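As a starting point, one isolated chain is supplied in structure tokens, in the form predicted alone.
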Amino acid sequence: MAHSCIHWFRKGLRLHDNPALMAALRDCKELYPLYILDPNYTYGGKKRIRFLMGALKDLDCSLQKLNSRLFVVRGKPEEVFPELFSKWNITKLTYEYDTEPYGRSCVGKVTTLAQEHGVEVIYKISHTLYDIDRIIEENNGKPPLTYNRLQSLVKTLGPPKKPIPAPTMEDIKDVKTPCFEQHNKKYKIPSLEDMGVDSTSMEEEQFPGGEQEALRRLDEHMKMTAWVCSFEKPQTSPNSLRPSTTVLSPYTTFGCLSARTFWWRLSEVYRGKKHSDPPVSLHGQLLWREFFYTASVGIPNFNKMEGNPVCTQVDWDTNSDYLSAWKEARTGFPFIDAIMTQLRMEGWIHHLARHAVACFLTRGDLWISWEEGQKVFEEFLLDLDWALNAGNWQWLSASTFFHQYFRVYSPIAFGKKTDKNGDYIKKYLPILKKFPPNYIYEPWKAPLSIQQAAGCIVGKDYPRPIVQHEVVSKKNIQRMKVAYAKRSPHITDSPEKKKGTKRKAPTVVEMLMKKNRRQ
């Protein structure tokens, strides 16, 4: 039977390694590539929306080269699909599996609607290296809570599946995408203004969205074989003037770049050469991504403190002045403020820079909940990923996964290790650029004559530190000690279903979804 099929693009905004798209092309006479702008989904800040629109334009361009095109509609998926099923006489729906709670809930509703309309539903796993549910099954139904445990589990599963090539004209020769007269009016990719984003005041785009840009950047990095083989994440600089890592994270987050393609390209570079290993290697970074995805699927209320069975319950303070100062780069600690300025301007900061500002906000200095930091990163990060954002904030606040709460990043000494002259601070906080290196991390210690010569008086032109790091960090270590003393002795265990409780029978939708996943 020849199908009229919708391929629902969600995070996999690419043609390469897209098994759900290839499943759509099988026995297909009419293909409708669809992207839904969902008002209930968190798209993040204006830079992220610009990245997304760029990715959609690039995807549409690639589809047009195959005599197809992208249909973009706005609305809740459960309201959009019934109309499209009828209007386009759809008999098959394909999509890439999404592990986020909102995505899973949304798909459940759409799958039920598809059944009611007699539409076959097929989904494929390609946003992660592995089938996350399979990893949890291999661990006796519990998510692994340590990286080493995840490594041992995936070792038993073998290497990730190899990526599949993008569809060609040959694959699509018998498939037609109907083109409506009103297409550009009704199904066009919206402009930034349409999305409520004023682009006139935005900085130049450093990381343009799209599959072609993702593959170009991947090629560029894979040519640097010595760098790839010797890459060790902790040895890279959080405050270099140019990124000291690949900055491919926004592209894997949106699925412009397949994680499996990235993995196997690395394997090709590594072959026959001495290279670094997980957790610090580039393969190791992809496994960290997998680790947090697995935790987010297996741990209830993963992005919250309350109701999260593995998260330490901490009596965080509520201090809107401190939170605003941190968010707006007004803490009086130049290293912290420079990082937060880069985040706001560019939408990306180095992994270790994220460590520094997250520790400072939470257990290090300001004693504000990691959930507040999580929200700010949601607003600014280009590579915002629900699972990684929640997981890393729990890690850095020593609430989950990492428990050495007495190891606190210094907002002064940490930056000096890799940038003694403070060039990074000078770039992002030009008000401080005339301070000599021995004062640029602690401008409040500079004699007034030096502050005057630098054209910046601390307390007037640049804020004084909002806390005394040496004092509050010691106090906060004691507060964390108290919080740890109250923890359940089993808090480091993975959550599992209670013994003696009857397992709930899967719904028809869940059984269908599992069956389709195995296909």
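None of these values were measured; they are calculated from a predicted model. From 1 onward, residues are counted along the sequence shown.
There is another form of this protein, the form predicted in complex with the DNA, and it is not shown here; the text below is about that form.
Undergrad: Which single stretch, out of 326-334, 93-101, 146-154, 383-391, brings residue heavy atoms within 4.5 Å of the DNA in the predicted complex?
TA: In short, 146-154.
Undergrad: How about Y43 - does it come within 4.5 Å of the DNA in the predicted complex, if we only consider non-hydrogen atoms?
TA: No - in the predicted complex, heavy atoms of Y43 and the DNA never come within 4.5 Å of each other.
Undergrad: With heavy atoms only and a cut-off of 4.5 Å, decide whether P234 touches the DNA in the predicted complex.
TA: Heavy-atom contact with the DNA at 4.5 Å: present for P234.
Undergrad: According to a 4.5 angstroms non-hydrogen atom cut-off, is T318 in contact with the DNA in the predicted complex?
TA: Answer no; every heavy atom of T318 is more than 4.5 Å from the DNA in the predicted complex.
Undergrad: Indicate whether the DNA has at least one heavy atom within 4.5 Å of a heavy atom of M222 in the predicted complex.
TA: No, M222 stays farther than 4.5 Å from the DNA in the predicted complex.
Undergrad: Looking at K475, R487, K57, K29, which has any heavy atom no more than 4.5 Å from the DNA in the predicted complex?
TA: Of the candidates K475, R487, K57, K29, R487 is the one lying within 4.5 Å of the DNA in the predicted complex.
Undergrad: With the DNA left out of view, choose which of F302, F71, Y409, F377 has a non-hydrogen atom within 4.5 angstroms of it in the predicted complex.
TA: When the DNA is considered in the predicted complex, the option within 4.5 Å is Y409.
Undergrad: Going through 354-390 from first to last, which residues have a non-hydrogen atom within 4.5 Å of the DNA in the predicted complex?
TA: The stretch touches the partner through H355 alone.
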